[in-house]
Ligand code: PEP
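The chain below stands alone, shown as structure tokens; this is the form predicted on its own.
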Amino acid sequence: MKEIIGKQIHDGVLFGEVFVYDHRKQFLTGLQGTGALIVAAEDLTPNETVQFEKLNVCAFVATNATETSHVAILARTMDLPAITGISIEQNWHGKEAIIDGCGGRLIIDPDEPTRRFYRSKAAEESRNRERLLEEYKEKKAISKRGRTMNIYANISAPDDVAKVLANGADGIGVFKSEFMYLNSSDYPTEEKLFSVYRQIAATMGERKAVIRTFDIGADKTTDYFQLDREENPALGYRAIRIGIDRPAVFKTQLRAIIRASAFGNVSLMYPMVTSVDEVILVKKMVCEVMDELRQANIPFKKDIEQGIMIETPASVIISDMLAQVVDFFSIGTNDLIQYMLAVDRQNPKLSNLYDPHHPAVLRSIEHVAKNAKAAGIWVEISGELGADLTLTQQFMEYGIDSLAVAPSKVPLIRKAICEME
């Protein structure tokens, strides 16, 4: 038996077989038709990680992932145990193992006493989750003083809607629509996009479903977009910048989302905004799409909400101006922290500098919330900071209206708010 200690990314205990991912070999070779798998790799791109939802992958071990890297975020969305900071050994491939996300442990070839201990631990965790869900699934998050917070769930795939409902979320805070593009070998058609968005809208019913337009670029790329290599991709040609530059591609998605608004409580959201001019350009495209749909007698929600991600210092500083041209803000804390502190969120060597509690970050959030309230629009926290229980009460005092978190975190956040003064 060999026990390796790493750093927790997401909790949970799982018994499975190790699959060592080698970038030099064909991706996912040998995965199909096997049992529960613990994928171990130096790192995983968003394009690679998203493929696991179709397979039997049940846990992740990554050498270089950070708490806010996409493999970590997807592990939380998929509610799978994950740890980082472990050097992968090729001879682990095919061996039985236990991953303990809570303790940050990977145990190769566990002995029988260890198996019994972790079977008991897994059963206890499951019972605790069931009790928490039973008590808080149908409750509203209302503090003892009567302050209310909406608890939304973030998703990256249509199948994640089942997790949203199973955990009793008040709605979808962010549907990360770019993963539909990463899962495709060519630009998805309007009808393909519409079919998915309509299904989400109809399934959610009156609950809010915020669909973020594609955030392609940086580390989320796909060949058919034909993006040039960049020295600083996180600051480069990505997200809304691509949408504005490629109106035909962007309008296809806008049409699909706006058409889906006729079937539920859909909202539009735009990522990586840095100026009022960008919002005006996008809203002009939306008006053009609505005119086309109106002429074709295709139904849609005429007053569909339009919001933006606040994730750059520029959008923080001019949030008073931006609040005049949108219906809501979603503060994307993962990117906001990296841009505000000049710290690459994907670089594990800088993890000690990636400080979610930095005064600059918290003052930015407070500033944005104040400007949102002054303009009469609602504001949410998305990103990993939304699930940080040490800040929940502070966010309520700032006047934040909603928190958007991984689906499995919804009951825990709701419990914390119900117990607050």
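It should be emphasised that the depicted structure is a prediction, and the values quoted were computed from it without experimental measurement. For every residue, the number given is its place in the sequence shown, counted from 1.
The next section is about a form of this same protein that is not shown, the form predicted together with this ligand.
In the predicted bound form, at least one heavy atom of Asn334 sits within 4.5 Å of this ligand. Heavy atoms of Arg259 never reach within 4.5 Å of this ligand in the predicted bound form, leaving it off the interface. Taking the partner from elsewhere, Ile73 is found to have a heavy atom lying within 4.5 Å of this ligand in the predicted bound form. This ligand in the predicted bound form comes within 4.5 Å of no heavy atom belonging to Arg241. Just one of Lys220, Arg129, Lys163, Arg198 comes within 4.5 Å of this ligand in the predicted bound form, counting any heavy atom, and that one is Lys220. The partner is absent here, but in the predicted bound form a heavy atom of Met309, alone among Ala323, Val282, Met309, Ala141, sits within 4.5 Å of this ligand. Across the proposed site, His10, Asp79 and Arg414 without exception lack any heavy atom within 4.5 Å of this ligand in the predicted bound form. Here the chain stands alone, but in the predicted bound form its contact with this ligand, taken as any heavy atom within 4.5 Å, falls in 376 to 384 among 392 to 400, 35 to 43, 363 to 371, 376 to 384. Residues Arg212, Asp215, Lys220 are the ones in 198 to 236 with at least one heavy atom within 4.5 Å of this ligand in the predicted bound form, listed in sequence order.
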